[in-house]
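As structure tokens, one chain now follows by itself in the form predicted alone.
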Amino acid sequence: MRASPADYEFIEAYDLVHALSLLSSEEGWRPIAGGTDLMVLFNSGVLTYKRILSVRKIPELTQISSTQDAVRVGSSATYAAIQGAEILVNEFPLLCQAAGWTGSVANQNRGTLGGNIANGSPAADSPPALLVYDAELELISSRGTRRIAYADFHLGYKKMNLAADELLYAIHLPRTNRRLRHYARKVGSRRAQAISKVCFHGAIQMDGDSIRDVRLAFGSVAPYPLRCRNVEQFLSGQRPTASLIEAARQKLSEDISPIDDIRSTASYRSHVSQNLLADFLEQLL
């Protein structure tokens, strides 16, 4: 351990009003829930913010509920809770699968969906699933609340559409009656507890022999998780064929921009991304 707890101040918010009042102050409080990402920084001695505000036990942030139109997932809902929510298992299986990929069982019992989003890592497992499902984020502060499409949340590497006094309150997943075929793959250095080299989620709806609606989202191939809008537009309305799949593979380069880093290379990520896209589409032949 390269840091000392004595160098930090820690408070647990006793309710939402308390949390928002501290975040709106000029004292530099930063919210955490599960703290799984924070501990990595702390152990490495690179945790720069000194005042830490736990929001983990605020009831409104842990609840999973539904209406006729949407499912609401509180930002402090854990990966374990997500995997155990029947409505998510039945209607949003990609999110549940991503929750099962995230670290060990201990991490899944502690880590939260909101933390995975707000940490801003391009390699996070759950964001591509949220993009596929057109998720919306509800942000709250002492000034009020606002909702934005999750697709508009990431502005760059570790840059987010989130003010210093705002808290990620909930994730909203629109419910539809669409019969989607789902696909998810994570490629890492090993089968479990590995950070993604490439993470891919896809969903598709057919209209007879043609593609009616397709959603494709990747992690670890750009500065932030992204939807592949160019490929989606290219595939929409088309009948799946071997030649179409090959053209889609080549089209993917217009959406993704992988880099070389300690975990992989840009060329490997590009090639694997093309293979995953092709594997998904080949199931339609």
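Predicted model only: the values in this text are computed from it and were never measured. Position 1 is the first residue in the sequence shown; the rest follow in order.
Just so you know, the form predicted together with a small molecule exists too; it's not on screen, but the next bit is about it.
- Candidate site formed by Gly188, Pro258 and Asn275: none of these residues places a non-hydrogen atom within 4.5 angstroms of the small molecule in the model of the complex.
- Comment: 24-32 is the region of 243-251, 24-32, 226-234, 213-221 lying near the small molecule in the model of the complex, near meaning a non-hydrogen atom within 4.5 Å.
- Checking Ile204, Val71, Cys96, Ala124 against the small molecule in the model of the complex, a heavy atom within 4.5 Å turns up for just one residue: Ala124.
- Scanning Tyr183, Phe92, Tyr150, Trp101 against the small molecule in the model of the complex with a 4.5 Å heavy atom cut-off leaves one residue, Trp101.
- At least one heavy atom of Leu162 is located within 4.5 Å of the small molecule in the model of the complex.
- Although the partner is absent here, Tyr133 is not a contact residue: none of its heavy atoms lies within 4.5 angstroms of the small molecule in the model of the complex.
- In the model of the complex, the small molecule lies within 4.5 Å of some heavy atom of Ala194.
- Though the partner is left out of this view, Asn107 does reach within 4.5 Å of the small molecule in the model of the complex, counting heavy atoms only.
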